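Single chain ahead, written as structure tokens, the form predicted alone.
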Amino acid sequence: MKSVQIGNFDSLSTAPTNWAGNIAFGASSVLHPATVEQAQAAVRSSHKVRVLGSGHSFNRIADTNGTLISLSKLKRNISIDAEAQSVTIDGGATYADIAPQLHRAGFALANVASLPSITVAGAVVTATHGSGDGNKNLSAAVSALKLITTDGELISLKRGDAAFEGAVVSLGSLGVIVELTLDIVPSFDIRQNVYLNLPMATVTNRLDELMSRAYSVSLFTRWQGETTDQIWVKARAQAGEPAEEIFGATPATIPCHPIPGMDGTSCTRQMGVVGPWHERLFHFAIGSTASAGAELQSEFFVARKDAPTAIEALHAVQDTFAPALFISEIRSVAADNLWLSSAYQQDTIGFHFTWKPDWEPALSAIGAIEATLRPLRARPHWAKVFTMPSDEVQALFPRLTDFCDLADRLDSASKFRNRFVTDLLFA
């Protein structure tokens, strides 16, 4: 790998990998600009550019054979506008960076990711999400953004602009996002309880009742046998005492980890103990080691109305993919209008899969899931592993042509496209 020094940029001499270690990036140089101006200079001087966030992607969406830019060394900018109920942050900030400061100021994000360590910009451009019937995709919290375009110029877009709904979920193919403004709400408290062993038939038959019973509800299952393993219920504190049981599922008596057998103390506080939003809405506590570490991930989203059919179909073929699985999560996300969002104009149910780090069995299992969900037009998570052909993916997003036109306008030199997004969206 070629080491490049431009100005005061910090450059790496060895190729980085993603968080899971399954992707080694092929960049000729990796730059850590300390200022927006340095980032602009890097874009101007590079033939090809991609941005690396926290590395929590499992495919080659962030890869490039050109320049890889990390914004982790930008000065953290967390500017709260109490009157507008918004926070403006820099492009390298993580949820862990901003959540405690928001809480201390009396504010909150309405929705967060499972992991606090991921960059907000990375979550936004890939349409990553939290959970909850009334909670939209994380990208929908964006009200304004600033990005560096192909010639190194800085442009601003805000909610209501003609291009805005196409620019938020961009897969990194429009430019380098150096600033985001997010909607915030008054801070609130959450109590989290875990319930065990809910029959899968109950999930199918009473899904709406189940998912709507709290601010955020997640089901964890290994897709083995006839029951789900865990129900994680995150309820606003003012909703009252937790239920003694949920459709026959009984409360856990010790802290639970989504993956059975792992230490639940790395997760956010459970057992009904009331705490602030940023210490409960994430699945994993700020500063803790999340999930299995060495793993692969996939996720697919179906329209809410099709979710019972999807659950029944997956249950029927569970033996074809369960051996490759650590755990699967089922969660809900409200509809939005962002062109490339997995929840574009439809309430959705997401099916998340955490795979054991064995590539061939995982790919076979993913193929089985895609075949099962294909009749339901399941949309993939952009940053996770999927094998769907590009024409099938393109057909799932009605505004894709508009997005490609927008990309042609903002990135006429195709500087921000890599092989992954070119083959997937522009072929």
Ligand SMILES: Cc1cc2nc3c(=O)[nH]c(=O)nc-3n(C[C@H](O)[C@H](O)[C@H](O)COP(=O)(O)OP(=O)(O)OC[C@H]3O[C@@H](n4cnc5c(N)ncnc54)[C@H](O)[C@@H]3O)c2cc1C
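One rule holds for the numbers: they count along the sequence shown, beginning at 1. Computed from a predicted structure; not experimentally measured.
What comes next is about the form predicted together with the named molecule, which does not appear here.
Contact with the named molecule in the model of the complex, defined as any heavy atom within 4.5 Å, is confined among 190-198, 96-104, 174-182, 223-231 to 174-182. Contact with the named molecule in the model of the complex, defined as a heavy atom within 4.5 Å, holds for exactly one of Ser328, Thr348, Thr126, Asn111, namely Thr126.
Residue Val51 is the only one of Val51, Ala378, Ile369, Leu31 with a heavy atom lying within 4.5 Å of the named molecule in the model of the complex.
Under a 4.5 angstroms non-hydrogen atom cutoff, the named molecule in the model of the complex has Ala62 among its neighbouring residues. In the model of the complex, none of the heavy atoms of Ser332 sits within 4.5 Å of a heavy atom of the named molecule. For Phe58, a non-hydrogen atom is located within 4.5 Å of the named molecule in the model of the complex, even though that partner is not displayed. Using a 4.5 Å cutoff between non-hydrogen atoms, Ala27 does not count as a contact of the named molecule in the model of the complex. Within 4.5 angstroms of the named molecule in the model of the complex, the stretch 67-105 places a non-hydrogen atom from each of Leu71, Gly91, taken in sequence order.
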